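Let's start with one chain on its own, the form predicted on its own, as structure tokens.
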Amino acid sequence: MPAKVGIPRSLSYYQLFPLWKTFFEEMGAELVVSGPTTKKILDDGVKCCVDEACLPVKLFHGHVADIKDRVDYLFIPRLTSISKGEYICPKFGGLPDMVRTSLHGLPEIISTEINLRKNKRNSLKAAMEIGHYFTDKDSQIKSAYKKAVGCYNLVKDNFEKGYIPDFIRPGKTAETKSLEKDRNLNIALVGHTYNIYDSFVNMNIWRKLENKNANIITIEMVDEKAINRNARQLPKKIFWNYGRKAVGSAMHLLNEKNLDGVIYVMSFGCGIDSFVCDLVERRIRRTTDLPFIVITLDEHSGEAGLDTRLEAFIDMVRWRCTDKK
């Protein structure tokens, strides 16, 4: 029987799942992913997590609780950095310890540190450590790692072209993308992947905007080279991976001149977003007259309030578009 490896459908899932799916399957493991976020999963996470944690961390605990009794291993890597010269949010590094402290009856946790800040080759070193849970054959691990990186890069490249991966939005195919070209509003939806693509957490903001005839553009749809080129215009380097992407993509989209509005989605209590959001807003206010709003999410967020704010925002966008004609 192949070993069952559990991956919570939260946090890094929305960015790195294609990489880990290919890697573990090439290692002969059976992958078990927690279900889409529900109220029960969120409530379970809130109950067992510390009150001071942000919503994504609480939600992560709920997803762990959803699968912990169905797997042989839980894969919760200790993510320090996923890009050279930058850090990822500190909460990713503490997740394995937080989960061990908060939840009982856990299977073995694979908590290998992944730190690419000084050297990207450390990713292979981490892959070798993880792979040795399943085999002693270094050649098999290296082959699995190579295929996993190839798969990840392919998904990432397609994402930049506007093709949303199936593991994020099932059924979102090339055909549906072509239909979106007919939408008459271009709205940038800026935020962490786990806020933007989890439809329960963001109360279906994506569907609500599409129903208002909006074509949605996210950070993942912006070319990485364009992000880096624009981020370098800042007087000081942002050493957070997400911060660079958020500011760089926003600056690029503003330069494209075909944007109608910007929505920044953030979690209450997020330290990085507290200043990255401010950087984005200052750039927008200083260089454009684009409508801009911030949507802040936590476990107490109400859908009626979101609906009201989105309706007012879209009305503002349409009035601006009408005045420009």
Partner chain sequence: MKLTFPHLGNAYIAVKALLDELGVDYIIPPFNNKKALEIGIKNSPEFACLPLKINIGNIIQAYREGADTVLITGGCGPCRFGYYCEMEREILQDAGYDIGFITIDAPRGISLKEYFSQLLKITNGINIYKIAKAVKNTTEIAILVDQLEKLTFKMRSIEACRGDTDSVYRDFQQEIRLINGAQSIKKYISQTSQKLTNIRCNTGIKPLKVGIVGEIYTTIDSYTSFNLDARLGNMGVEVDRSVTVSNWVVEHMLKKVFHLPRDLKYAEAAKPYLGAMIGGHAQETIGNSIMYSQKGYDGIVQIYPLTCMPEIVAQSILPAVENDYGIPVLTLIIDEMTGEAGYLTRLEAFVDLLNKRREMAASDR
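Just so it is clear, the structure is predicted and the values come from calculations on it, not from any experiment. Residue numbers count along the first chain shown, from 1.
The same protein has a further form, the form predicted in complex with its partner chain, not shown here; the description that follows concerns it.
For a residue to qualify, one of its non-hydrogen atoms must sit within 4.5 Å of its partner chain in the model of the complex; none of 254, 263 and 302 qualifies. The stretch in contact with its partner chain in the model of the complex, judged by heavy atoms within 4.5 Å, is 278-286, chosen from 255-263, 63-71, 27-35, 278-286. Its partner chain is not shown here, but in the model of the complex it comes within 4.5 Å of a heavy atom of residue 50. Within 4.5 Å of some heavy atom of its partner chain in the model of the complex lies at least one heavy atom of residue 236. Although the partner is absent here, residue 212 lies well away from its partner chain in the model of the complex, with no heavy atom inside 4.5 Å.
For the chain shown alone, residue 129 is not a contact residue for its partner chain in the model of the complex, no non-hydrogen atom being within 4.5 angstroms. The listed set 109, 98, 116, 149 contains one residue whose heavy atoms approach its partner chain in the model of the complex to within 4.5 Å, identified as 98. Residues of 243-278 placing a heavy atom within 4.5 Å of its partner chain in the model of the complex, in sequence order: 266, 268, 269, 271, 272, 274, 275, 278.
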